[in-house]
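Let's start with one chain on its own, the form predicted alone, as structure tokens.
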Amino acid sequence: MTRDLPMTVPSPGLPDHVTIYEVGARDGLQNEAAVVPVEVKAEFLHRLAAAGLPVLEATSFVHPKWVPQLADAADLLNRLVRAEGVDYPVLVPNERGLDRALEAGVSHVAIFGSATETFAKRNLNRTLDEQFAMFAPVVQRALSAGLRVRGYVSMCFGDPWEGAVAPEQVASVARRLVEMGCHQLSLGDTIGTGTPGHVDAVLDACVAAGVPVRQLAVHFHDTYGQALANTLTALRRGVRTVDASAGGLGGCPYAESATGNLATEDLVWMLDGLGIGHGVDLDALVGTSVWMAEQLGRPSPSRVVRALTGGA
């Protein structure tokens, strides 16, 4: 018996192709309680590349005190056999993190900002405005070294301490990061409270602030089951890059209400049904997520993985 396949029914107003920005190896694993062996992480990245994912966020050069799971960042990159045509960005929190990234020979880095005052203080130990002073030399040095710089903006759709976040506030942060030199901004629904209308409002505010949709990506968490609906809304608005995590791994170590990221398999299933290209082999990806779930000792939360494997 062949496995299920979605019927392909294109929908007007959607892109022909979407870039999947795979965050499983970094965002997906960063808050695992037990340290995942570096050999397993390297194999995970190898399998994800073999499945056709074009962008694999490999790790972060954050201080081990704050995220012990990523203390092996340099070792991982030394072990990594980079697949041809695959981009391996790393997250850098500050200039020291950038120093380590440059030593490792990376070509693409990301910084991680906040749309809210409280989360900036909790995550970065900076005020909302002070975070930009911290990012500026990192971005300038990275650009001078020929690196591309991505900017993450967290808490774009709600903050567990401040509640609702004004779309204009998100847009203001986004504009400052673009002006600083970030080539792409990933708008994060860190606690998963966003809904499609809210996505429209945030994108409207960003465009009104002078941030073009072509420079925006989206990063949705599925806390309330809204990640795919929100993604479809963003695609209809012209967004062409979607962050996702193989097997639905991940969350945020600084926000307890943040549950798993949008599962890459669930995203691929939807894109296949819409006839949108992405270049990913779903069977290989599902096999990779089942393998990773075995390493972690628990089943994958991805609905597509469970449907295609009988609950694995």
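Note that residue numbering follows the sequence shown and begins at 1. Just so it is clear, the structure is predicted and the values come from calculations on it, not from any experiment.
Beyond what is shown, the protein has a form predicted in complex with a further copy of the same chain; the following relates to that form.
Only one of 62 to 70, 45 to 53, 31 to 39, 265 to 273 gets a heavy atom within 4.5 Å of a further copy of the same chain in the model of the complex; which is it? Within 4.5 Å of the partner lies stretch 265 to 273.
May I ask you to choose, among S186, Q131, N123, T233, the residue with a heavy atom within 4.5 Å of a further copy of the same chain in the model of the complex? Contact residue from the list: T233.
Sole residue of L77, V149, L216, V165 within 4.5 Å of a further copy of the same chain in the model of the complex, by heavy atom: So the residue touching a further copy of the same chain in the model of the complex, by this definition, is V165.
Is T241 near a further copy of the same chain? Define near as a heavy atom within 4.5 Å, in the model of the complex. Output for T241 is no: heavy atoms all beyond 4.5 Å of a further copy of the same chain.
If we define contact as a non-hydrogen atom of the residue within 4.5 angstroms of the partner, is T223 a contact of a further copy of the same chain in the model of the complex? Yes, T223 is a contact residue.
Does a further copy of the same chain come within 4.5 Å of any heavy atom of H198 in the model of the complex? Flag for H198 set to yes.
4.5 Å heavy atom contact, I111 and a further copy of the same chain in the model of the complex: Result no; I111 lies far from a further copy of the same chain in the model of the complex.
In the model of the complex, does every one of D4, I191 and V304 come within 4.5 Å of a further copy of the same chain, counting any heavy atom? Heavy-atom distance to a further copy of the same chain in the model of the complex: all three under 4.5 Å.
Residues within 4.5 Å of a further copy of the same chain in the model of the complex, restricted to 27 to 65 and counted by heavy atom: Sequence-ordered list is empty.
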